[in-house]
Each structure stands twice: as C-alpha cells, then as structure tokens.
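Just one chain follows, in the form predicted on its own, and it is written as structure tokens.
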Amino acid sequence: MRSLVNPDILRVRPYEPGKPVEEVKRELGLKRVIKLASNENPLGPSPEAVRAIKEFASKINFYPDGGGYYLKKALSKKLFIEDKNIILGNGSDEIIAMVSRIFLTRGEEAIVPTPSFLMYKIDVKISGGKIISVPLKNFRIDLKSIKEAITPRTKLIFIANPNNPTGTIVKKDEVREFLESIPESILTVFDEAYYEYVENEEYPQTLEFMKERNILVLRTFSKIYGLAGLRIGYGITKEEIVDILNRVRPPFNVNSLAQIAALASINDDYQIKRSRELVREGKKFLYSHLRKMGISFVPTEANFILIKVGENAKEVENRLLHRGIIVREMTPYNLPEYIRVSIGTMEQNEEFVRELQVSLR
C-alpha cells in the first residue's frame, strides 16, 4: 500500500494535538482535569454565540452559506476592509494548507522560522515544497536572517506573530523594513492567531501593508473568541489572491454553526475585554511565581507561556498529567527542556503552580 502513496506524504510526521480532558480522565481514572495545553480560552465562548447556536440548531439540515456572506460583511465593517479581501477557512489551518498547495510546486521553497507552528512545515511537505528553516534569535523570529535565506526559488514565507510556541513578536519597524526589501514575487503569510491578546505598542498593524505588498494575514475565532471546537478562521489579502484561494477552497468549507457563532461573537466587546484581562492578570501571577521558584520563561504577548523546566521536561509533563494538569512538552519543537502552558483562570493558574512545584522535585 505504501508504494501507492505520494512519497511526500510518507515523510510527514502527523501533528499531535493536546490530549482531550475526557481521554485523560478515562485513561488515568481522574475526576478533575485541567487542560492548559492548547491555548484555548478558559472562559468559553461568548454567551451570544451559544444563544445563536441554539436558535439555529434546527436549520442544520441545510448546507451552509458557501460564501460566508454575513460573516464577511461583519468582518469587513469591523476591520475597515472590503469583504472581497476576506476568505473564510475551516480554521486558519485550512488556509495555510490552501496557500501551500497553490503557491508551491515540487522543489520550490518556503521559509519557516524554527521553532514555530508545526503545520507550516507539514503543509509544505505535503505540497512537495522545500522547507528552509531559519532559527529564532533569542526566541524571536529573525527577519534579517529570513531575508538572507531568500533565493530565486522562494515562494512563501511564514511569520507567526505572536510566534507559537514562544509568544514573542516581530515589531512594526522590523516588518516595514523587511517587506520593503524582499522581492514582490514572494507571498508573506502573517499568522496572527493571537493578535487580540497583544499589548505591545510596537506590534505591527499588518493590514496597512496589504495594498502595496503581497501578504496574507491569518486570524482565527479559536483563541480569544473561544470557538476552537467549531473550527473557523479567516484570511485577509488582495482580491486577486482571494480569487486564487477560492479556486481550491472546498465548497461549504465553513459549517453553519461556526459562521453563526462567529457572527454573534464578533461584536461581544465585553467578552473580549474579560478574556484580555484574564490573560493579563494570569501572566502577572505566573511570572511572579516562576521567578520566585527560580524557573526561567519567555515573556509572552499571547495566552501561553514557554517555561524551561530542564532536561526532564517530558517527565514533568507526565507527572503533571497524572496530577490532572495537561500541558505541552516541546520536544516536537526541538525545545526538549521546555513546556508550554496556556494561561487559565486564576484558580487553574494557582493549581498549576502548586503541582509544578511538586512535579519538579
């Protein structure tokens, strides 16, 4: 059977998501489990989204709006852009896959900072493209080194901002200089899944570059909006690029409940404010306690923290798991001494600190 498969597929290591809460409860016989592994919003979705889903549930016998008309109109109004510049995806992951499929032929290059979101490399491999890995510098994406890595075969550049798993950002002056100096034949993908959590004033507003440069900005409803289980994200780019993406976008790729929930969530400013405050206070709490414990970490602009626990990070993850706390050890990201921990409610953060102290003994 393997001989029938595209060899590019066989070279792919499947993405391993964080363990679900119910699976851990069942496997380990635990009654209480806290999941801090997948950067989800512990407050849950907007009450408006839940209400909208309940009201719409009886209509799921009909296919979704294939073009996402009302959601794109709402995004257009909120972001001050034209709806023709928006494409919806079954999570922003789907748009990453579409971009790789469209812009890469065998042997053409995609530059990927390392470590960063694992799906970039997976989708490039599936598309037959060549991955050019550029190491981070002090846990930040190094735009100068990325520029130096560009060759005539470079077609795509992926920049997660904030970066996952480090939570660091590239700043607006760096981005402006970078975009002005690279060939126009390259599409730069700015993955801004954690955009709404950023507080640094030097964070770039990348949409400002959209008319002059070939960029694609990705955002999602999975994180601050709390709709990870519905899988809905979107891309913002030039109309010409949207047209090309639509040529490979599956029909009805975003389900009805996802569209309805996103539409209900988008203007719930109170929910967004609560979510930001939760992360802001959670960061302060965790920073303070990690410093008291003598544990190093990477200051973050996202809703997670990269924490150095030493050579036994895998064992620390396992000990925490058996004590009912799911975190993510970073061996797949070539950071074997680190765990990544999502910021939870204050109660969850306090429990994590207590159990981390025990797990490090």
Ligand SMILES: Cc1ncc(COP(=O)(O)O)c(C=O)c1O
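Computed from a predicted model, the values in this text were never measured in an experiment. Heads up: residue numbers just count along the shown sequence, starting at 1.
In what follows, reference is made to the form predicted in complex with the ligand, a form of this protein that is not presented.
> State yes or no: in the predicted complex, is some non-hydrogen atom of Ala110 no more than 4.5 angstroms from a non-hydrogen atom of the ligand?
Contact with the ligand, no.
> So in the predicted complex, does Asp123 come within 4.5 Å of the ligand, heavy atom to heavy atom?
Judged by the heavy-atom cut-off of 4.5 Å, Asp123 is well away from the ligand in the predicted complex.
> Answer for Thr166 alone: is it within 4.5 Å of the ligand in the predicted complex, judged on heavy atom distances?
Close contact is absent here: in the predicted complex, Thr166 is far from the ligand, nothing within 4.5 Å, heavy atoms only.
> Evaluate Pro204 for contact with the ligand in the predicted complex, applying a 4.5 angstroms cut-off between non-hydrogen atoms, and reply yes or no.
No.
> Among 281 to 289, 264 to 272, 115 to 123, 209 to 217, mark the stretch whose residues have heavy atoms within 4.5 Å of the ligand in the predicted complex.
The contacting stretch here is 115 to 123.
> Please identify the residue among Leu143, Ala193, Ile236, Ile260 with any heavy atom within 4.5 Å of the ligand in the predicted complex.
The option sitting close enough to the partner is Ala193.
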